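One chain comes next, on its own, written out as structure tokens in the form predicted alone.
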Amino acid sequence: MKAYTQHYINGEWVEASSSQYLEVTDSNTEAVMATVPAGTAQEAAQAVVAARAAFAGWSALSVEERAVYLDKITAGLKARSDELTTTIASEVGMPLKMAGMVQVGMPIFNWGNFAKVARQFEFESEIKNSLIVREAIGVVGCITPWNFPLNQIALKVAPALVAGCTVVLKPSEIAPINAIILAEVIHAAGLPAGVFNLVNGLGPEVGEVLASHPEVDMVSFTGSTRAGKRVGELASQTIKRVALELGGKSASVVLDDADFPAAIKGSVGACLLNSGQTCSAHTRLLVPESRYEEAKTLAQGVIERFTIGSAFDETSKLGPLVSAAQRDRVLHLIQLGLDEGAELVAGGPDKPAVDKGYFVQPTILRVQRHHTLAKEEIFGPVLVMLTYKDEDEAVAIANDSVYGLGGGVWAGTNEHAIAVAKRLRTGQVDINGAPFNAQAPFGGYKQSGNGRENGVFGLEEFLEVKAIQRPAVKA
């Protein structure tokens, strides 16, 4: 076990002012793998002051100068990719090979990609006699989750920095070690003091300072809808810009003319990535009522191939959940679904045959629209199936949610799928199993949040728009 005792503030590793610490648990073994300091409100405020002092100089650098720093950070992350993969596989529980591709490969791509995006971005344009200038918004507070910890940090910190903003990061206390490694890489890249700051800690102590501090111009948060509401409430008192990426209950709509074996296989896979701990996971599978038994049999055949085990076991297709609390919450919801009358299609609340780790059986339940599990985000390896009579009812069921983050449509033709996808009130829709696009905007409708991440759209979130009117040229 390693004990971390410092925050990264104003370009230095600073000993924590409090002796309180937070335990970080290996999700595969349930053993404490590290401790990090429990940051205080005073330390968070100190980091904000450092970021404010650094803003003028950092934002005055050219885009190219800032992009070069991102290139150095990208190279530094690549050099430590094996260490990062092992760390996140332990913190979060994603199987090692997949963790390397998704949990580490994606954030490395995003750091490098934001440097490219910024180099190509039009920071100045003209409309008649006006010069339109896009400028850094200022000091940004970034509050990030545990499920894709390094990537969600990358999607906030990288575009903020290259836009000219300075940053205070509070990573999830459940998976913070990868953020410490990132801070070491950033320090080695030589960023000016105060441009990037890291304070570990809990939401009520550190996160609420970032959301409420008058010297923070923007807060970017990814997490639960409940916590996002609190962030928005605090930020409103100083009229900050707020970007929120929150929960989801995304529907995979399988239409009657779809390739059913491919659709069911793809839908189950889109639910179970990261053991279902994905905000945009396709956790509702909608199939025609007349073909439910066919879909059920196919789903049972697919899910039984998701063998569970430690992230470090090469045969594992599904790792543990991140914590005992998360495991217990998911098991409670499975049991609640059964108590409400759901049909158990696969899995269930029984403990898997694994000695250690926060494991839950991959589970499928058939539910009705009014059931709790048809509406509430579970955040575990649980897929619920619903049936519909016709296409209009399928769209109505898919849209019957307070969330609107992701979704899928499977149809006999792409044209048919697109026509239905346009009717869904959600920020992203994959048709016929199309792959994720890291350049496309990612974000939600309704209570899934506001703002967008990825590519050009992700950069624009951290920019203000200024219009400078010039006198008309005399003839």
Ligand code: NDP
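Worth saying up front: this structure is predicted, and the values here are computed from it rather than measured. In case it trips you up, residue 1 is the first one in the sequence shown, and so on.
Missing here is the form predicted in complex with the ligand; even so, the following discussion is about that form.
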| 4.5 angstroms heavy atom contact with the ligand in the predicted complex for residue 202 | yes
| message | With the partner left out here, check for me: in the predicted complex, does some heavy atom of residue 329 sit within 4.5 Å of the ligand? | response | yes
| said: Contact with the ligand in the predicted complex for residue 282, defined as at least one heavy atom pair within 4.5 Å: yes or no? | reply: no
| said: Does any part of residue 364 reach within 4.5 Å of the ligand in the predicted complex? Heavy atoms only, please. | reply: no
| message | If the cut-off is 4.5 angstroms on heavy atoms, which of these, 166, 90, 222, 178, is the one near the ligand in the predicted complex? | response | 222
| remark: Of 139, 383, 158, 143, the only residue with a heavy atom within 4.5 Å of the ligand in the predicted complex is 143
| query | Tell me which of 259 to 267, 130 to 138, 91 to 99, 202 to 210 has residues with heavy atoms within 4.5 angstroms of the ligand in the predicted complex? | reply | 202 to 210
| field | Neighbours of the ligand in the predicted complex among 366 to 392 [non-hydrogen atom within 4.5 angstroms] | value | 377, 379
